[in-house]
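Here you get one chain, nothing else, as structure tokens; it is the form predicted alone.
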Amino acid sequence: MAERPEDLNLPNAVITRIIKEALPDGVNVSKEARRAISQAASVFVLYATSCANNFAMKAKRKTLNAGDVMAAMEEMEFERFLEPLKEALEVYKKGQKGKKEVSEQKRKDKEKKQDSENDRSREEEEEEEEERMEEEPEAEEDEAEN
């Protein structure tokens, strides 16, 4: 577990992308500033996690949930971020639900395909058996004539 901000290093690509999205085009950020923002983000993540964990512990749970994070944000006096956070969470949930539905549909389609292939195989086997049954009496008749 990371005890100090130095122990937690967020990926530079993520930090750079966040910075670029937050600033207007044409604004440059030095390496030193990027490093400072990265460290500040690390401190924020650690603090928010610690606060959320306190709410989970009070509820006698070992798993943090979204409610714990929301309560932590409020406790940390970041109320203005609660609504955007709730909206982002809803978008995430809808995306997960959509992925689950797509996955379920793919599974059903695969099962249908396998069932139809099995049905075709059975039909082919039955046709072959019928053809053999028809050929056997003809072969017996030919032998009887000889």
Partner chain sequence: MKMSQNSSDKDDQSPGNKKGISLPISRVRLIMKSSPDVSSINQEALFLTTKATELFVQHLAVTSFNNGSGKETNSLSYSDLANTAEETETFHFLTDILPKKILARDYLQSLEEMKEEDADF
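Residue numbers count along the first chain shown, from 1. Everything numeric here is computed off the predicted structure, so don't read it as measured data.
Not on display, but discussed next: the form predicted together with the partner chain.
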So, in the model of the complex, is Arg122 in contact with the partner chain at a 4.5 angstroms heavy atom limit?
no
Although the partner chain is absent from this view, report whether Lys58 comes within 4.5 Å of it in the model of the complex, heavy atoms only.
no
Contact test in the model of the complex: Lys93 vs the partner chain, heavy atoms, 4.5 Å
yes
In the model of the complex, is there a heavy atom of the partner chain that lies within 4.5 Å of any heavy atom of Glu77, even though the partner is absent here?
yes
Taking the partner chain in the model of the complex and a 4.5 Å non-hydrogen atom cutoff, the residues of 81 to 98 making contact are Phe81, Pro84, Leu85, Ala88, Leu89, Val91, Tyr92, Lys93, Gln96
